[in-house]
Every structure is written in structure tokens, then in C-alpha cells.
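Okay, here we've got a single chain as C-alpha cells, the form predicted on its own, with questions on binding and movement later.
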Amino acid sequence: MTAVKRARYSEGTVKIPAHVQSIEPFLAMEVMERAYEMERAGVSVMHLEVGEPDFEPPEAASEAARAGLVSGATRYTDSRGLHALREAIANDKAARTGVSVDLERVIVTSGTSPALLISLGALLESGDEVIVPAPHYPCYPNFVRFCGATPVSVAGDPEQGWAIDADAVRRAVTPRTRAILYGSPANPTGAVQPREVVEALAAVGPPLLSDEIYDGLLYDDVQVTSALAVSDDAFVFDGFSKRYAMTGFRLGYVIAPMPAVRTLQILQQNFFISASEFVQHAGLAALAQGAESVVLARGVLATKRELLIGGLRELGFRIPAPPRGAFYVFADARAFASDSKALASRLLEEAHVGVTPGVDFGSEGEGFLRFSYAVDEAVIREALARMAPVLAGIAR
């Protein structure tokens, strides 16, 4: 029986649906995985490609995770998350946004990606559309495609600080438009959308899906206007990965409109059951005792931001809009090449510096490269030094 099955599969009986085949590789991960391969061969690589903070999680969070494992906090929880954690999230989000948040609207997930997936799954069916302002997080359109719908790109203007053009979004709306999906602070640009832009987007009509995972990592006295402040129909995504440097804990959440909560709960029950119990205890500890670590991280990141921006400009990159949040510089690399994927590959193979091609963030990002400064200052300095001779040899 086994031999027969193997033969049938070898003849191509496994058929991948077209909407799944349309999902593009995540180029930041592709670069990182190639870099790991090089490192296994003994090559030293400077990693500026992945958005992972190099500072430690709050000690209280790590200790809570350890204590949870020892004490047996390793069971299923309520699919929506521990009641205490949902309450703490609601209080924390209210404090940061100035908007009262009902804990019943909170669904805790194993990272923010599952929250995005179940929310889009609740909203979309085949043939629907989601407007995705660009440049955008690479996975946004892939989530949309996986749900059988079509992402509709609306380009931003770097000369306007990558502010989303609400009029262009309005013109892109069709009878099939089901949502507007964006991030603020944004990956890859670090743009923080002004309140008037968020209000204008809400006025377009379809519900806002606002990714606010980088809230708290802000510079120049900028404040985030949460979609919660302008619409009762918004889905807001947030988590612990960036603000608290807890990427590997895999803990996020969505704050959803009440009419959608029961559907999201059912999807969570079926697809993910619940976030890990001991990790949820770590999240509770981070919210209770992690504020100081966020303040310290923000100050350190601000210094690294200036170091990287200055160094990139000296190398010949153009940076039309310095980041106001998150920890990336989205640099215009067209002085060196128009093909961002080829340029990133060359920097990795020849300079041994990992960076993310701008095309990963939509066709509107072609000709740009994304550099993460959530790394040690020594890594930034070494990466700049390594790139200099390579870029000098290919400058147009």
C-alpha cells in the first residue's frame, strides 16, 4: 500500500491550488536563511535583514515563562486567552490610545500573524478585495490571497513621508472591497500615519485593519493614532514581539468589533485552540513590569537610527523620509541598481551583509532596500564598512 501511494504522488497527484501558488516567498526570510547557510560554512554575516530586536525581553516576562513551565502552566486556556491577560491588554491599549477598550473584544493569539489570518478569514470570500497601501509588510497581500481574495495596492509617496493617500484609497474602492489593511508605525518605512489620515481612511467606508505592532517604538515625540480612536468597526492588531523583544514567545492579539468576536473565537478554537499558557503569563508580566525596558529600548534605537541613516547617506543611499517609528530605514538604492533583489543578493554574497530587497514590500518598493537597526551598534558600523567597497564598485 505504501509503495502504491508513493507512486501515485510521484506522478503528481498533489495539486497545489492556484491561490496558494500565488503566495510569494518572504524575501527577508529568504535572505536570512541564505545567511544562515553561509554562517554554517564559516562566513561571518552582519544581519540587517530581519526585524528582530537585539535587546532582551523584560526579565519579569522571562521569569514568568520559566515559572509557568515549572508550575504546570502548560495546558489549554480559553481560546480567547486568559481572562487576566485580556483585561491587562484592554487596560494597556486604553492607556496608550486614550480609548476605552472592552476586554470582550480581545482575542489573544500565538503571534500577530494568526490574528491577521483569522480576521481576514472572517471577512473575506473568493473574489473579494482588500486595499493594501504600499510599501507594505510583505505578508499582508499573501494573507489576503490565502483567503481567496485579491489585494489592491495603493502607492504611497516618499516625499510626503509615506503618508497614505486617502483619496487614492477611495478611488480604489469597488463593490468587492471588504477592508483597508495598513500598518502604523509601518514596516518597512517607519511611517506613522497622522490622525487626519486615519480619520480620512475610516471615512472611506470599509473597515480598517490596523497593524499597530510597533506602537511604543517612536521617535521625535510622534504619537500613534490608533484606528480604535476613529472607528468602532476597526480591527486592531498588536502584540509583544517588537515592543518587548519577545519575538520567539509568539504572543499577539486582535481587538475586534463586537459583531466579529464570536466568529473569531470559533476560528481560533478550530485553527489554533489557544496561545501557550506559560507564554500568556509572560505577557502578563511584560505588561505589568516591562515599561522601563520599552523606554530604554526606544532611547537606544533612536541613537542607532541616526547612526544608520548617516552611514547610509555617506555611502550614497537617498533616504527621502527618515523613520518616525519601528526600527527600519527604507533607503532609495537606485544610485546603485534598479533591481533590489539582485543588489541585496550581491551585498550578501560579496559584502556578507544581509539586507531586505525593497520589492519584498510590493512593486512600489522596487529600487529600495530595507535596513534594520534593531542590532548592536558594532554590527551597524561593520555592515557599513563592509558595504562601502562593494557599492563603490557598482555606483552608477
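Since the structure is predicted, the reported quantities are computational estimates derived from the model, not experimental observations. Numbers for residues come from their place in the sequence shown, where the first is 1.
One more form of this protein exists, namely the form predicted in complex with a small molecule; it is left out here, but the text below deals with it.
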Residue among Y244, W162, F235, Y214 with a heavy atom within 4.5 Å of the small molecule in the predicted complex:
Y214
Only one of P151, P207, P158, G111 comes within 4.5 Å of the small molecule in the predicted complex by heavy atoms, so just point that one out.
G111
Check for me whether the small molecule, as it appears in the predicted complex, comes within 4.5 angstroms of all of Y140, N187 and R250 - heavy atoms only.
yes
Looking at 199-207, 316-324, 73-81, 132-140, which stretch has residues with any non-hydrogen atom within 4.5 Å of the small molecule in the predicted complex?
132-140
